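First, one chain by itself in structure tokens, the form predicted alone.
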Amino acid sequence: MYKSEYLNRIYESVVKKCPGEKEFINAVEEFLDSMEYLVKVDPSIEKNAILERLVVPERVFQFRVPWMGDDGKIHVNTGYRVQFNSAIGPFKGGIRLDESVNLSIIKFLGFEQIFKNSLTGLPMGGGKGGSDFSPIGKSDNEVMRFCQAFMTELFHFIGPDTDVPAGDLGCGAREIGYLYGMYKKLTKEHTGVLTGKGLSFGGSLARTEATGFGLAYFTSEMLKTYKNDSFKGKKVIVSGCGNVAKHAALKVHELGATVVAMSNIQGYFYDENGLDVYAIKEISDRTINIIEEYTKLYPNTKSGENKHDIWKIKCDIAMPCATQNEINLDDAKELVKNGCMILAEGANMPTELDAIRYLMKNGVIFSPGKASNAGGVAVSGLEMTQNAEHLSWTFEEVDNKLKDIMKSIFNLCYETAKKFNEPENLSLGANVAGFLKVKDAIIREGLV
């Protein structure tokens, strides 16, 4: 599979030890693709068993979460926290609440988080957590009872200098508030142990917008560097209508692009003259019936139930911001056929590996989520700093720091890829640049 026998051993070991964990195995495979370039010139990687240590989490917690519904019935979900690697700082990564959550998904997200956090330049290790509980359709009281039950187990394993969770899919400001309230009650501490908090108790301005805005800033650097161009006049597809997607859509619109299509769990909607991104944000803030509500306002909007059809629409830039594995090989072929020149991931690994390879082979400049969607965790790191210093920065201060971080991440990935004579291979640049910092820390800290 790989030219390197060492990489083949690593991959085969992961497959053998983690049967059925397809998402995690795919994440490792995508990462090892980039290591081909490095292991042949750096014998210290194999000598110090760096990859062997990287693909195994430092620790994994799995626990039962019983909670009571409004009808008096008891429900039981499974909770997870994977503390993957703390070589460069305390574990940092979100809590995902969705019915799809399992150990494989949490491990894949935690593994990706190692390199994403490294790229930000901030001292944060990689971790992730979550549960197969979905807040969709639940009352506020039910969500609160679940979050309180979840935290009664999680609080044993986290802390401001140990592991700092954040939000993720299904875990927004409401959920973070309930989680933090219970953490504070159990520990009797008011610390920066969770990020994405409400502004009234230690949260940061611009955190809600950070991942979507950061994606736009990163893509802007791609356009400037590779195309000597900008968003002005470009047609953009943004999949999803959640927090990342709607803020990415707002920012690229502000930068001069036309968002022609978006999607959610019900399907996709499209207008070649451009969607009203402000109306979409307003609707999505209050209901999940976004397509139904939007098409009432704009009856000429086209829509469909098959979410994959969104990738058949002609565009200059594609921004998948929904969830993992939403773009397959057939979708990639449609994007190439319809003239897409840049695909920048706003979700975590939304593009399947064979689709990534096809896009890159056919001239589409691809950015992996570990680089282009790092804005959220970057501002989470800034929230940690504000909490530690008992400060609150303005929106403009945080946004300017976010712009600088995303520009720095792009430049780091680009310059690293150039060293291997593949300047358009941002996957290579992101994986190698993120890895080298972690590798150096692992070696210097010894066998621990």
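Quick caveat: nothing in here was measured; it's all calculated off a predicted structure. A residue's number is simply how far along the shown sequence it sits, counting from 1.
Keep in mind that the form predicted in complex with (2Z)-2-iminopentanedioic acid (2IT) is not shown, yet the notes after this line are about it.
Peer 1: Based on heavy atom distances of 4.5 Å or less, which listed stretch (311-319, 90-98, 285-293, 337-345) is in contact with (2Z)-2-iminopentanedioic acid (2IT) in the model of the complex?
Peer 2: One stretch meets the cut-off, namely 90-98.
Peer 1: Please state whether every one of the three residues Lys128, Val377 and Ser380 places a non-hydrogen atom within 4.5 angstroms of (2Z)-2-iminopentanedioic acid (2IT) in the model of the complex.
Peer 2: Yes.
Peer 1: Would you please decide whether Met349 lies within 4.5 angstroms of (2Z)-2-iminopentanedioic acid (2IT) in the model of the complex, comparing each non-hydrogen atom pair?
Peer 2: Because no heavy atom of Met349 falls inside 4.5 Å of (2Z)-2-iminopentanedioic acid (2IT) in the model of the complex, the answer is no.
Peer 1: At the 4.5 Å heavy atom threshold, is Thr195 in contact with (2Z)-2-iminopentanedioic acid (2IT) in the model of the complex?
Peer 2: Yes, Thr195 is a contact residue.
Peer 1: Tell me, yes or no, whether Val143 is in contact with (2Z)-2-iminopentanedioic acid (2IT) in the model of the complex, where a contact means a heavy atom of each within 4.5 Å.
Peer 2: Result no; Val143 lies far from (2Z)-2-iminopentanedioic acid (2IT) in the model of the complex.
Peer 1: Is there any non-hydrogen atom of Glu326 lying within 4.5 Å of (2Z)-2-iminopentanedioic acid (2IT) in the model of the complex?
Peer 2: Outside the cut-off, so no.
Peer 1: Among the candidate residues Gly203, Gly167, Gly79, Gly242, which is the single one with a non-hydrogen atom no more than 4.5 Å from (2Z)-2-iminopentanedioic acid (2IT) in the model of the complex?
Peer 2: Selected residue: Gly167.
Peer 1: Considering Ser220, Ser367, Ser86, Gln113, which brings a non-hydrogen atom within 4.5 Å of (2Z)-2-iminopentanedioic acid (2IT) in the model of the complex?
Peer 2: None of the other options qualify; the answer is Gln113.
Peer 1: If we check (2Z)-2-iminopentanedioic acid (2IT) in the model of the complex, which of the residues in 431-446 reach within 4.5 angstroms of it by a non-hydrogen atom?
Peer 2: Going through 431-446 in order - heavy atoms within 4.5 Å of (2Z)-2-iminopentanedioic acid (2IT) in the model of the complex - there are no hits.
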